[in-house]
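Take a look at this one chain, the form predicted on its own, written out in C-alpha cells.
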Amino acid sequence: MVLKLNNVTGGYSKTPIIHDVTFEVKRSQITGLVGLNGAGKSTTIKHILGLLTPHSGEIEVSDRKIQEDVELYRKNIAYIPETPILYEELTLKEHIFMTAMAYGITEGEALNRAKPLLKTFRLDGKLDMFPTHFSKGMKQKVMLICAFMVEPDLYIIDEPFLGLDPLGIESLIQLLIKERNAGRSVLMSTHILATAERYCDKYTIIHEGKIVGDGTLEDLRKQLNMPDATLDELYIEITGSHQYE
C-alpha cells in the first residue's frame, strides 16, 4: 500500500474540518479524491504532506509515518499544488536543479529525466527563461515537470487541469497513465468528474469533511444500484443523500 489514512480527524484549529477520514491508495493506482470546493480535499492533502498535524488518526506513505523520518517520508511524495508556486528570480533550469537538490538527485540526472518532460509540455526551448515571462498554464507545466522528474512512490496533485490548455491536459493524462504503468501511484484532487472518469482506477468521495464513497466506478454503481450511471450522477446521488445528516 502506497498511502493509507486511518480515522484521520483534523483541521487548521481545534475545530476539525475532516472527520474520521479513512482510505487507501494502492501501488500502480490512480485515485480521484472527489468533492466540491470546501469539502475537505485540500485539508486532507495538507495532512498527508505533513503541513497539518491530525487531531487523531494515522497516515502512512510507503509504510512510513512522518514521525519516524520526516525527510524519507517526504521524499516518497511529489506534490503539485492547485496554484503554481515559482521563484521569479530562478530560471526554469534552476527550478529543476533546486528540486533535484531537495530530492538528492544530481543535476545531470535531473536534466536527463526532465528532457522528455520538457518536450512533452513544449518547454524544451525555455530552460533559461524566468517565470515572469510564463503564462499561468506554462507555470503549471513547470510544476508538473519538476514533480514528475522526481519519480516518487506517490504523486499528489491538487486540481491539475486548471490553467492547462487541451493539449496540456491530454499530455498530463498520458503521463499519469505512464507513471501508473511504471508502478507509481497518484492521488488527484478534482471536481472535474467527466475527465477523472476517463482514467482514474478508483474514487474517494469526500463531502462536508467525511468520506461518503470509496471504490471503483463499478463498486459505486453496485452500492447505489445504478448500473449505467456516470461518475457525475453517482456523485450527485451520494452527496445528495448526506446533505441533511
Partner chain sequence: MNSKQLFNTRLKEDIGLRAYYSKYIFNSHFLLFLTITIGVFIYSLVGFIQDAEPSIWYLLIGSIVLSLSVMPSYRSLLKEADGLFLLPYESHMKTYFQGTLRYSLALNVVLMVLGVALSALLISINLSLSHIIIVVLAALVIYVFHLIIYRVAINSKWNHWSVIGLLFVTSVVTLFLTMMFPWLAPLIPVALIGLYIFFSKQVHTNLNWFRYINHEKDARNRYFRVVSMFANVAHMDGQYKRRRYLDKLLPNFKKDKFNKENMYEYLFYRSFMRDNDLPMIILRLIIIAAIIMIWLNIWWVSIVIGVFVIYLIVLQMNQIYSQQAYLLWPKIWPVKRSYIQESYIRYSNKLVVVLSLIIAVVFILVHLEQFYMAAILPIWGYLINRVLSKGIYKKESMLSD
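Numbering follows the first chain given and starts at 1. Please read all numbers here as calculations on a predicted model, not as lab measurements.
Absent from the display: the form predicted in complex with its partner chain. The rest refers to it.
Annotation: in the predicted complex, residues L175, I177 and N181 none come within 4.5 Å of its partner chain through any heavy atom. Contact with its partner chain in the predicted complex, judged as any non-hydrogen atom within 4.5 angstroms, is confined among 43 to 51, 22 to 30, 211 to 219, 198 to 206 to 43 to 51. Proximity to its partner chain in the predicted complex, defined as a heavy atom within 4.5 Å, holds among F161, F121, F134, Y79 only for Y79. Though the partner is left out of this view, N112 does not reach within 4.5 Å of its partner chain in the predicted complex, counting heavy atoms only. At a distance threshold of 4.5 angstroms between non-hydrogen atoms, L167 is out of contact with its partner chain in the predicted complex. In the predicted complex, its partner chain lies farther than 4.5 Å from every heavy atom of I145.
Although the partner is absent here, E151 sits far enough away that none of its heavy atoms falls within 4.5 Å of its partner chain in the predicted complex. Residues E71, R74, K75, Y79, P81, I85, Y87, E88, E89, L90, T91 are the members of 68 to 93 with a non-hydrogen atom no more than 4.5 angstroms from its partner chain in the predicted complex.
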